[in-house]
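Okay, so here's just one chain, in structure tokens, the form predicted on its own.
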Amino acid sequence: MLTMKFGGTSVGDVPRLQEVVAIVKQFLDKQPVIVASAMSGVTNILLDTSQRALERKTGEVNNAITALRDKHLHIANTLIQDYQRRAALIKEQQESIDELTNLYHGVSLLRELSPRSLDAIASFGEILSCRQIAAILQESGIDAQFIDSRTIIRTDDNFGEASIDFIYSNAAINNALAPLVQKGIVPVVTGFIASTEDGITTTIGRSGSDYTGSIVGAAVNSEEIWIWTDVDGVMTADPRFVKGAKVLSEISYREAAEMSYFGAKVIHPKTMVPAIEKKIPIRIKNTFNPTHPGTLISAKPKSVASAAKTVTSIDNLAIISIEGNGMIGVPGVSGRIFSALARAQVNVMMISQASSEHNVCFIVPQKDCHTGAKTLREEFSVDIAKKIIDDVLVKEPVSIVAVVGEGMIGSKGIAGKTFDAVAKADVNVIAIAQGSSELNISFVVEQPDAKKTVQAVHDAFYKN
């Protein structure tokens, strides 16, 4: 069995949907299960229109609803030739549009837009998309069936990013899908959405459709889980900014998680959890270039020539530093720092501390840096007055550059090679951090220097 998840760009228009049909036909012998996203841009339209409804901008709401209806009607009229099948699909789509219209009317009437309402509104993108995919597959002679994931995936009521009840969901998914697959039917499952025990619609957060693909693939014990997107796979660097970036043939789950955290275009770490537990490989493939083998993510990938797999960066960050001779040898300073930041809901992305304990610095999102600095000045106001701490300083904007690869573990000279390249690029390093796993070397540079730094380090490992 093979689980294939198709993203928004992969199902975003007539040519892409025709490519989906061709891909599914090619792999029918592998007993595919399909998970799909909303058409590209639809979820954003749904959520933006909910805000227009809250503001009682009736004309804009009506225009958006009409555009959504016409977008999906065009697909039905273009790709479904059988009259009865087309009529049935249009009827189902119109019923969904009518229900969505009523939800917008309720938001406007009550002037209330709760997380629960947003989840209900967001769900229509996947429902409209997957209904039409199932009908298009049927039109092409493939026995397919639409599956509303709200009937098989149960969550709590943390609307916007609900947590999965895996004990219930795994059994429900397998019980619903396995008999269909055994009969030669291709299930087409809505990504991103689920429901509570009481049947209330929820969504499962960032990269939700990828997550659904992993949940479904693990529940039915797929041979592999394929994530179809608009790139050939995971790259050694962002090709938009780095000349010579290459597609990686294989990476590990751990490498994928690190790459994702540091901004690489790869699946979210949460997505991999169900697959990791079942040791099911995940493959990233490109619907625009379906013959490309893509990138295989697994527990133990084959070794590659370069110890460092990828070089990536995160922009729009700030560095906050606390320093003072009075901090040396004083227990509890770090605890106070991070407790204060947690209370202020400031996310710490990287930490660096000199062994002398004279200085502690940490990286936070730039938008939160002044809140973080103000919170720390309040926390340490007495210590600052007593000159135990000199001050809380902020430097912005900065970027984190990360070098990631399991081949770095135990390899000598990786740090030297990295920072030699940075020095030759005439870039100043502000702070450095490396975990004991040696999987990742991270360092901070001024944001204007980030792109040339990534290029220089990438060249050091990959340029022939």
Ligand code: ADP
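Computed from a predicted structure; not experimentally measured. Throughout, we count residues from 1 along the sequence that is shown. We call the rigid core the largest set of C-alpha positions that still match within 1.5 Å between the two forms.
Below, we refer to the form predicted together with adenosine-5'-diphosphate, which is not included among the displayed structures.
Engineer: In terms of non-hydrogen atoms within 4.5 angstroms, which of the given stretches 100 to 108, 232 to 240, 151 to 159, 172 to 180 touches adenosine-5'-diphosphate in the predicted bound form?
Structural biologist: Among the candidates, contact is made by 232 to 240.
Engineer: Answer with yes or no whether H458 is in contact with adenosine-5'-diphosphate in the predicted bound form, where contact means some heavy atom within 4.5 Å.
Structural biologist: No, H458 is distant from the partner.
Engineer: If you check in the predicted bound form, is T9 within 4.5 Å of adenosine-5'-diphosphate, heavy atoms only?
Structural biologist: Yes - in the predicted bound form, heavy atoms of T9 and adenosine-5'-diphosphate come within 4.5 Å of each other.
Engineer: Within a 4.5 Å heavy atom cut-off, is V266 in contact with adenosine-5'-diphosphate in the predicted bound form?
Structural biologist: Yes, V266 lies within 4.5 Å of adenosine-5'-diphosphate in the predicted bound form.
Engineer: Comparing between the shown form and the other one on the rigid core: C-alpha of V454 shifted by 2 Å or more?
Structural biologist: True for V454: a C-alpha shift of 2 Å or more.
Engineer: For a quick test of reading the superposition: does A402 move by 2 Å or more at the CA between the shown form and the other one, rigid core aligned?
Structural biologist: Yes, the C-alpha moves 2 Å or more.
Engineer: For I314, is the C-alpha shift between the shown form and the other one 2 Å or more after core superposition?
Structural biologist: Yes; that C-alpha moves by at least 2 Å between the shown form and the other one.
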